[in-house]
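In the block that follows, a single chain appears as structure tokens, in the form predicted alone.
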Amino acid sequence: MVQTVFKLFSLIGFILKPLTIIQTKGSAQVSKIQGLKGRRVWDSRGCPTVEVDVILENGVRGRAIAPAGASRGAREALDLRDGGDSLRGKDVQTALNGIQTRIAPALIGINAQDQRGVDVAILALDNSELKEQLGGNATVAASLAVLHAAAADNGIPLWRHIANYFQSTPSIPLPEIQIFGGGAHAGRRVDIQDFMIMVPGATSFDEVMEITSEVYFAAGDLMKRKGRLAGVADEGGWWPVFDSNEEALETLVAAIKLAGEQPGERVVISLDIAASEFGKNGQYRLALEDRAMDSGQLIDMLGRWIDDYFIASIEDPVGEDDPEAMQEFQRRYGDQVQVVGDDYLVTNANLVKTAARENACNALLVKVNQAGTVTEAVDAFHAASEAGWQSIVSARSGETEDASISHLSTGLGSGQLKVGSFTRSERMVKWNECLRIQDEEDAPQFVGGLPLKNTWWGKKI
């Protein structure tokens, strides 16, 4: 299994910069790992998670924290939790023990500049398909921490180290920002998981932030006027107090207009359907509307939304166990919208290649902890690029102050970044990190605009 996985490792890069320790320039030739230290920290939902410090022989350090998802694909790397009654079974002492007794001894003496070698050594310790033995939370934190240490040792920003190591062309990404949270992120108050906007008409990352701020608070004002303002969901988007999924879309369009924008000009809508959360074996149930439908009916409904609203991107439109429906959705709408595979692809290079052959998607969501190591995530990104797809580097619903993915998206030149909403510090730290990168002397260019056919521009509602 390990050998199969690493056949996919063809020049790939994924980088992060959680709370990387910035230190003076070290030795780029021989930067051996001296030790690892794992600790329990807490994520944005108040759940335990894993943080790892990596220390090099010359004293340089790197740090990373594992995120955790609420909506999880069946084939993604598993977090290792202790179970039992303590902390609702979510403690991570077993994962931390694995870091100290297995991962640390295996990595001591390895050159931190050899990210692929580091990840090969980690994967050799766990021959289970989904990293059940060590836990994806332990492997991803260790892998990312080494990446941070290597960047600090070279005396360069994490995004630059990623671009150099994986031989990619860096760029500042276009954000995809949640306005209403739903699905598993909001007690399933509405069926659709994310109602988001993108601003492909913006000329800078800062301009995206300004426009998004106006739309976000306009949406809150509209809900307040209707007496439906009820706080925020897991990722900081407004809590969805709606009578139907379409009402959320209508309110989002109204918020864009209230913010002084014309939908379809600078601002477009993006959706994460997360259909696996409410469907199985080609049968789906919209709980909010008490409505059952099959794959064809779900595809027809989403097609009407594409016709009626300014939608540029749809993630996981059908279930991960419904490949024929995914292919049908791509066939019908792939030239109009970005068809993104998340649960369907779980940041897996083999699954990306299969989906490309079957014409089942045209974009990949990249989540490092779905894969379990940096190199595996970058392999999936490269497989998507080779297929001519777009990629979106993404956070998880359980997040921390770690801003690694801002650097990963920039360093790989992924073009798009999804970290949640416009409030809550575990989200804003990632947006703000992009603003800082934008101000650096050798900053890469901002990527505005989506490389899709413009059939969704200028439609009337």
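Sequential numbering from 1, following the sequence displayed. Worth saying up front: this structure is predicted, and the values here are computed from it rather than measured.
Note that the form predicted together with ligand PGA isn't included here; everything after this is about it.
A.B. asks: Ile172, Leu365, Ala325, Ile311: which sits within 4.5 Å of ligand PGA in the predicted complex by any heavy atom?
C.D. replies: Only one option qualifies, and that one is Leu365.
A.B. asks: Which pick from Ile55, Val429, Cys47, Ala70 sits with a heavy atom within 4.5 Å of ligand PGA in the predicted complex?
C.D. replies: Result of the distance check: Ala70.
A.B. asks: Please determine whether each residue of Glu235, Glu315 and Asp342 possesses a non-hydrogen atom within 4.5 angstroms of ligand PGA in the predicted complex.
C.D. replies: Yes, the whole trio is in contact, each within 4.5 Å by some heavy atom.
A.B. asks: At 4.5 Å between heavy atoms, is Arg63 in contact with ligand PGA in the predicted complex?
C.D. replies: Answer no; every heavy atom of Arg63 is more than 4.5 Å from ligand PGA in the predicted complex.
A.B. asks: Taking any heavy atom pair closer than or equal to 4.5 Å as contact, tell me whether His407 reaches ligand PGA in the predicted complex.
C.D. replies: Answer no; every heavy atom of His407 is more than 4.5 Å from ligand PGA in the predicted complex.
A.B. asks: Just to confirm, Thr139 within 4.5 Å of ligand PGA in the predicted complex by heavy atoms?
C.D. replies: No, Thr139 stays farther than 4.5 Å from ligand PGA in the predicted complex.
A.B. asks: Taking heavy atoms only, is Gln193 within 4.5 angstroms of ligand PGA in the predicted complex?
C.D. replies: Gln193: yes, in contact with ligand PGA in the predicted complex.
A.B. asks: Only one of 429-437, 389-397, 30-38, 47-55 gets a heavy atom within 4.5 Å of ligand PGA in the predicted complex; which is it?
C.D. replies: Partner-contacting stretch among the options: 389-397.
A.B. asks: Can you name the residues of 247-282 that have a heavy atom within 4.5 Å of ligand PGA in the predicted complex?
C.D. replies: Residue within 4.5 Å: Asp272, and no other.
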